[in-house]
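Given as structure tokens, the chain that follows is alone and in the form predicted alone.
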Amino acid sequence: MSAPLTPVEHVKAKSQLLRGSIAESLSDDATGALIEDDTHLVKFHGFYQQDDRDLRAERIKSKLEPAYSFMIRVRVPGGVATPAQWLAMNEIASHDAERPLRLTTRQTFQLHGVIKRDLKTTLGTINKTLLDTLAACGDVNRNVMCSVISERSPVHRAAIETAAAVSAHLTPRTRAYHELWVDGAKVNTGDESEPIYGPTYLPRKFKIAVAIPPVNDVDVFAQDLGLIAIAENDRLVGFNVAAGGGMGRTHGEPETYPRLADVIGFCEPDKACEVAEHIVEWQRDFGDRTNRKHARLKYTIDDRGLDTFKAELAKRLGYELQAPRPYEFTARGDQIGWMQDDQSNWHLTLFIPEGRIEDRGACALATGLKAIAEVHQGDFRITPNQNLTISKIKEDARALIESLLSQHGLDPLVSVSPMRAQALACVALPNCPLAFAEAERYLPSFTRQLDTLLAKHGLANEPISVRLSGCANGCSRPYVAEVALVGKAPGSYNLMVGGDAIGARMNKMALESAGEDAIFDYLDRGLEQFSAHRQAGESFGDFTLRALLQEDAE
């Protein structure tokens, strides 16, 4: 007897292509929450129901319902937004959200603390900017990532065009989104279907990224589907296809695990959408709909076998992928500061603390970026490391941008330690319902202390990758970091070390359920040994795997 479908599968099946009873939920003024079934469906529309966990106990004591609000995520393929869109998102955050605008690890915007009565207005306003939230969450392909500086060369420009094309190709076709948030009325234009997803969409979320060697800033092997750009004579000739990556796991459940994607072949640029479509459809047909913790592509591949997956993909495509082409990754972080491209345009990457766009004391970040957006003629590009690139600045405009940086106290954001520049954290507490421990709110303290240790051991410029996650689900991609904290309980983390410097190797457990003192004692000892005994060109992750973890095992 086969296992029953999960409750979420039944919700999707009866939802009428994601409509459910969302309209009725919105009109119920007696509660700040949605009907339970609708909380699953609204994820496909780009937002999650949450409550403030800092206030939960107090409100229960006062016999009040939780302080419900909603996190809204915008879909921004490749992280590219216009200055007008930046201004609009900043304005929306200042009026409709409880917390400042946030840049995410998937190169998009998040709004936190939007209350139910403002949802329709907020989503409608986002759509007026020519952005949307459709498929930013839910059991579908989510925001497609791409290396940020797409104007550095013709290869970058072609790769980001592919990211946008794949995103558009895999966008759900349901008209429910426009009916609820844009048009306000049901549109009857004949038959409605989801040719790629079907009526119950995917078993779980699906993530895609386009990487452009030699920089793996998108953590391409942590994705369900990775496209690694292959260039010849400064021209994009195609992509190596990597499949089956994913970071999510659950504490205490060894059948759940992070996995790196396998490189399975090569396709030409005009085949990228077709390859992505058939991999998504294969996962739609064979992914586990009886256990959501076992429903990602990585488990489907492992259950059925990589060779079976490749053979069935070839059958669907009508051809086999070509053999993978040579490539090399040498770095993964953002290059903070100024960079010039092959067309003489300038690109300025600013360090954004915790990805939050807010004024903090003398550093008027939100105000300064607003002033820049009002005069800038290029793009704003969100990086996979939660930083921001002001892109395509003309030579004669650079002085103006530099002046605005100084006027608003943003000069320190042009120079920051290599470790801090790429340190990531998920939101975690107080809003995320899955979080066991702090992440975003702990990141500034953690990295300050780590910077002190790095300086102590003569390693201030060492580009160590650091990730903090409030739970094991891994939204900050912690399992491919050189140093990562994975929350177990308030103030208690698993310390993971030994990932490589380019995101192509997973780390290992160094300490389990450890507090801050134990974590920094371990890192202090490890950095001291690394400084004294590292081999030529050896990264901290490579050293910990070669020496420190080996010593611990003995």
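If you're wondering where the values come from, they're calculated on a predicted model, not measured in any experiment. Throughout, we count residues from 1 along the sequence that is shown.
The protein also exists as the form predicted in complex with siroheme; that form is not presented, and the subsequent description refers to it.
Looking at Arg332, Arg204, His347, Arg381, which has any heavy atom no more than 4.5 Å from siroheme in the model of the complex?
Only one option qualifies, and that one is Arg204.
Looking at Thr389, Gln283, Ser167, Gln386 here, can you tell me which has any non-hydrogen atom within 4.5 angstroms of siroheme in the model of the complex?
Contact residue from the list: Gln386.
Answer for Asn494 alone: is it within 4.5 Å of siroheme in the model of the complex, judged on heavy atom distances?
Answer no; every heavy atom of Asn494 is more than 4.5 Å from siroheme in the model of the complex.
Can you check whether Tyr48 is within 4.5 Å of siroheme in the model of the complex, heavy atom basis?
Within the cut-off, so yes.
Does the 4.5 Å heavy atom contact test between Gly184 and siroheme in the model of the complex come out positive?
Close contact is absent here: in the model of the complex, Gly184 is far from siroheme, nothing within 4.5 Å, heavy atoms only.
Answer for Cys432 alone: is it within 4.5 Å of siroheme in the model of the complex, judged on heavy atom distances?
Taking the distances in the model of the complex, the answer for Cys432 is yes, it comes within 4.5 Å of siroheme.
From the candidate stretches 226-234, 100-108, 173-181, 394-402, select the single one in contact with siroheme in the model of the complex, where contact means a heavy atom within 4.5 Å.
Going by heavy atoms within 4.5 Å, the stretch is 100-108.
With the partner left out here, which residues of 471-503 have a non-hydrogen atom within 4.5 Å of siroheme in the model of the complex?
Asn473, Gly474, Cys475, Arg477, in sequence order.
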